[in-house]
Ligand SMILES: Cc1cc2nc3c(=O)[nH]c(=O)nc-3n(C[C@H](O)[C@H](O)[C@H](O)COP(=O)(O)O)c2cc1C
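Quick setup: one chain, the form predicted alone, written in structure tokens, and binding and motion questions come after.
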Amino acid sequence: MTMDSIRIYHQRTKHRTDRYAKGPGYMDWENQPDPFRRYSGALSKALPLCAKDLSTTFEQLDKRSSIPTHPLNLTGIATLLEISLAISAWKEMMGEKWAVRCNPSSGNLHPTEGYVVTPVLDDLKAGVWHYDSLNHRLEQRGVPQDEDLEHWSSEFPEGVFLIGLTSIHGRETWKYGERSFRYCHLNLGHAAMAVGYGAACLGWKARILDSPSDEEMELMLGLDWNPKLPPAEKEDSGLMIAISTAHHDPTAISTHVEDLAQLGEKASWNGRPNHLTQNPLREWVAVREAYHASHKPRKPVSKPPVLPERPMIANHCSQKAVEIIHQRRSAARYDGQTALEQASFFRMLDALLPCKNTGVWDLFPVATALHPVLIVHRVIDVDPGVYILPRHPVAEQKLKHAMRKEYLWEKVDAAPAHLPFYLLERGDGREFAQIVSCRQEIAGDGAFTLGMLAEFDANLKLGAWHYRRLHEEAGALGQVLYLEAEAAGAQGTGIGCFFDDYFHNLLGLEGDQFQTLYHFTVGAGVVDKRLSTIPPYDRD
């Protein structure tokens, strides 16, 4: 029944050329949700701003063995948060001021909250800490009982701690209505990959744990401690990420999750959350139903997929990785003229393929399930047209069988031999790209745009909770594209508004075997000179 409910939700939240998914219909600016959650009364700990001292370059991320391992301490955790979930800058224009974060968010609404779960570390007490990104500090939410403190710390293997990511769906529904559940999990994927990049910069490892259930996450992070919180402001379980130093296995904590959840149930929970709006947010029944229908059960600890060890196209970006991460922006528009270098284009595609060489694709504990279909506009020595990048060999045959029979499936000669990049159809696809993207001009003005086709039906049959996972993988791909675009001197933009079935029809796809979940575009961004940039934190 839950699988059927998720299919129904997915169909009802598709944008169509004659109507959009159900939303609020207007912008209630006076009741816009606060994008920052704080817990008054909780013990807080200011974190040092030390990311600027991190010497890891962006090109080093392809060679994890070349990155020195930072010790697991408060400075390391502070650095990880500063380059994954923190504010990267403030923007100001015409008296309006807003924050830009390392982890992008649809509509800059930021439904994702971050938590750190640790044993006793130097200068950090054991327990559950909420990350206050507005002030770059930790707030101690969960304190183990005195008699449980030793047991709590013993559940953490040496060199391992946890990052928990949650969603406040009400922040998204304020603007996007029923489609918000999709966006929240795209945002979780962006944030998770941001954590993955941050860990790699420190010489650490990051792995999403697929073992904990929703209930275990709720108990461990104290998400259900305050029943009086308005429903739309409640936090729902998202992802639990194990972090370890280079010489330890992050998945070693998987078998301890159940015990940590039980200890969390007995812990003391401190702090009062700020209300996000003056008036209660509207509760969208479809979003709530989608969350429950995609309930994640407890999963047995499984072996992660084996990543291939293969050659990678060098990115030749000697800039510090932290600088690339902090300069990332979503382009508001492109110049419609600048072409992307062929080498940079192939490098971006290569970075989307799972690979053992780099530290970031270790993040996912399950097999690859999304495949980009690209509409190329302006890439030097690459013909305009429709292309595809199957991210594993089995999917290639399935896609060939499912898509238009007249497609060429010509291997692009200029591409490196290991890159499974195929031309489907030559021609100017700018108008097509623009219409698909809810008629947004930015999709036709860049170098290329793409849609991410998910192996939808096969994954839902594994469990309705895979609906979340597919969107999270899509968000992770988007985060890779954002950073690779910046490293190439371009800019990316995630596109959440697209006409789902219009895209499917043009590709000749029928049924639910493949569904597009997220679109993205890369190009030469046009800087609005009215914008001013302000440092993220007013302290050293």
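Because the structure is a prediction, the values reported are computed rather than measured. Start at 1 with the first residue shown and count on from there.
Just so you know, the form predicted together with the named molecule exists too; it's not on screen, but the next bit is about it.
**Student:** Please pick, from Gln145, Ser302, Asn108, Gln342, the one residue with any non-hydrogen atom lying within 4.5 angstroms of the named molecule in the predicted bound form.
**Tutor:** Going through each option in turn, the one that passes is Asn108.
**Student:** Name the residue from His256, Lys400, Lys125, Arg329 that puts a heavy atom within 4.5 Å of the named molecule in the predicted bound form.
**Tutor:** The residue from His256, Lys400, Lys125, Arg329 that makes the contact is Arg329.
**Student:** Taking 4.5 angstroms as the cut-off for heavy atoms, does Gln440 touch the named molecule in the predicted bound form?
**Tutor:** Gln440 belongs to the contact set for the named molecule.
**Student:** In the predicted bound form, does Asn187 come within 4.5 Å of the named molecule, counting heavy atoms only?
**Tutor:** Yes, Asn187 sits close enough to the named molecule in the predicted bound form that at least one of its heavy atoms falls within 4.5 Å.
**Student:** With a 4.5 Å heavy atom cut-off, would you call Ala415 a contact of the named molecule in the predicted bound form?
**Tutor:** Looking in the predicted bound form, residue contacts with the named molecule do not include Ala415, since no heavy atom lies within 4.5 Å.
**Student:** Is there a non-hydrogen atom of Gly496 within 4.5 angstroms of a non-hydrogen atom of the named molecule in the predicted bound form?
**Tutor:** Close contact exists here: in the predicted bound form, Gly496 approaches the named molecule to within 4.5 Å, heavy atoms only.
**Student:** Exactly one stretch in 307-315, 321-329, 269-277, 201-209 has heavy atoms within 4.5 Å of the named molecule in the predicted bound form; which is it?
**Tutor:** Among the listed stretches, the partner-contacting one is 321-329.
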